[in-house]
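The form predicted on its own is given below as one chain in structure tokens.
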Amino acid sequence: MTYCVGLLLKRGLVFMSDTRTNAGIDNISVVTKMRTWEVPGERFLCLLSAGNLATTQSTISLLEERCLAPAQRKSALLAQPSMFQTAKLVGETLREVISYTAETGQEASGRFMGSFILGGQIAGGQPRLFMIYPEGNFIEAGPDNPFFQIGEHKYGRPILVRTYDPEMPVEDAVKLLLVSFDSTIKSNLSVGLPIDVQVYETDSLVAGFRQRFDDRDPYYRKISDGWSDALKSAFESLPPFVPSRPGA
């Protein structure tokens, strides 16, 4: 399984993904699920993937290799005129890969499923964020749905819903996502460290800050331990339950 999040802020975009992939409890490995592309001053793209690893990697490889015409040597991802067209290309390629690998054709519920979160900015447009489904269609983030999650998302969603603020600094957004990931990791063994984070600042048109957090990272340890302690303190501060007396 996997957990990936793309978060839309007024100041930019924040992406985070775990790196665990497994084919059983005794076959666990680390694989990045975050890919980025940039043409400084023109565009920045970040793609997060979840689902069958062969499907998602094949999709990314096809996006990159079919665009390597000898005369251009430029990815089709980097040739699209808008983020909408880029999302459309990713969706069409994902659907194509599923159609020739799945035993039942384009059966999205099969074992060859995959999904993506795509975000970035192209010069002349605004930062945009999309979630791309196995069927190849997609939806875009906005004020009513400012973040997307793929993979094992249910454990980390409550903190995002309660705390997200479109005006928050990207540094606070990274902290928020680390809490979301820590909650997920503690609840589901199929999601694990290291965690990759990528920050993009609006109108910069270059890849921003990127870091990988593992269990030895001092800041991650502070977040994990601090969040556990804060939850215990909050629980203890709540009023005690007093059973009602019969007939009262």
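Numbers follow the displayed sequence, beginning with 1. Computed from a predicted model, the values in this text were never measured in an experiment.
Quick note: we don't show the form predicted in complex with a further copy of the same chain, though the next part is all about it.
- a further copy of the same chain in the model of the complex comes within 4.5 Å of no heavy atom belonging to L77.
- Contact annotation for D172: at least one heavy atom lies within 4.5 Å of a further copy of the same chain in the model of the complex.
- Although the partner is absent from this view, K232 contacts a further copy of the same chain in the model of the complex, with a non-hydrogen atom inside 4.5 angstroms.
- a further copy of the same chain is not shown here, and in the model of the complex it never comes within 4.5 Å of any heavy atom of K88.
- Partner contact region in the model of the complex: 172-180, out of 116-124, 172-180, 80-88, 93-101, criterion any non-hydrogen atom within 4.5 Å of a further copy of the same chain.
- Site residues K154, Q211 and D217 are all in contact with a further copy of the same chain in the model of the complex, judged by any heavy atom within 4.5 Å.
- Taking a further copy of the same chain as positioned in the model of the complex, none of the residues of 112-148 brings a heavy atom within 4.5 Å of it.
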